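In the form predicted alone, a lone chain appears below as structure tokens.
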């Protein structure tokens, strides 16, 4: 078992000057007395301040698709640092990146803007939908996360199902102290085309856009039912509603062109962040030219900043190499298959799915989840957190909150075998 004495000391010290000792609530799992403080990462592993190493499937909550400190990205950023970290002007690299995004992303006829985070990108996308359609309301799905801004942080962190209201008329559940009422947002159940058609028939004259994660990744991942994304595309076209794919997580993880390439469904507007720059803060809003040209430019001091643009070009350059996504999916599927086999071996109910560099670990059911409400009746969250804690003590780092996990190009078959051996041992003691 790992000793993390120095992490405990740092947490105690940090609380003297930092509220709760954290810069993000998700840096400490619900089961942790204190977070583990990391020192550095390399490849598929990260290393804490006590000198412990971890095979890492958290990957900084998604961005590290090439693993930690990938040589190509580090080289590009170091070269750019010598030129300037920020120029507050268009650059040759910015043009090259936008051209590349339009080349590889199915929905990207034009790039609207390069921003710094997924939250910013989603707010901008919603504004574009309103500008293009002339309508105001936005439909979002229960459980889907679109950043921490007031309007969109709705019905994605319920403590119990009853707080969501009736399924046929969901409530808007706010989560942050000081958050204002999201008056222009309509919440809806995911994966239900009949519900959406009824809603659109009644209120399409108000609805500017529908925003969703193509794969719901906010909780334990929920994949779209067969035909759901295609059906949603048809409905939004029929009722003159802009379709927005939030690809902050799925973008560059499921395929080079994102989940829209993976599933073969093209939205009007798409947002990308996390993996786009291999660990550097960059986001992009792209879409059909007539839609993304409807809004104003988004002013921002750090928009399209040089360091992150250089990192993105280098990251995409690595991801474009032949066989990268086939290998990512093979490794993710290997983890998913291994988990299901271990579940059967130890008499545990486990569901695991994979898409590109995303894989899941869900306890309490052997059936794929359909919507957010399934998390309350089917998912054994306590079991997952027990497993995550035990893994951390044995050198495997998982998401401390939920079974949304990632694979990088740096992970090896040896890493996977070692991880499955650790899980085998843990499961035998459950």
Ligand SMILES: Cc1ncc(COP(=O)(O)O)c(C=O)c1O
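Numbering follows the first chain given and starts at 1. Just so it is clear, the model here is predicted, and its values are computed rather than measured.
This next part talks about the form predicted in complex with the named molecule, which is not shown.
In the model of the complex, the named molecule lies farther than 4.5 Å from every heavy atom of residue 140. For the chain shown alone, residue 314 is not a contact residue for the named molecule in the model of the complex, no non-hydrogen atom being within 4.5 angstroms. The closest heavy atom approach of residue 118 to the named molecule in the model of the complex falls within 4.5 Å. The named molecule in the model of the complex comes within 4.5 Å of no heavy atom belonging to residue 232.
Here is the short version: of 359, 190, 145, 132, the single residue with a heavy atom within 4.5 Å of the named molecule in the model of the complex is 145. A heavy atom within 4.5 Å of the named molecule in the model of the complex is found for exactly one of 248, 154, 113, 210: 248. Using a 4.5 angstroms heavy atom cutoff to the named molecule in the model of the complex, all of 122, 218 and 274 count as contacting.
Exactly one of the stretches 96 to 104, 248 to 256, 232 to 240, 168 to 176 approaches the named molecule in the model of the complex with heavy atoms within 4.5 Å, and it is 248 to 256.
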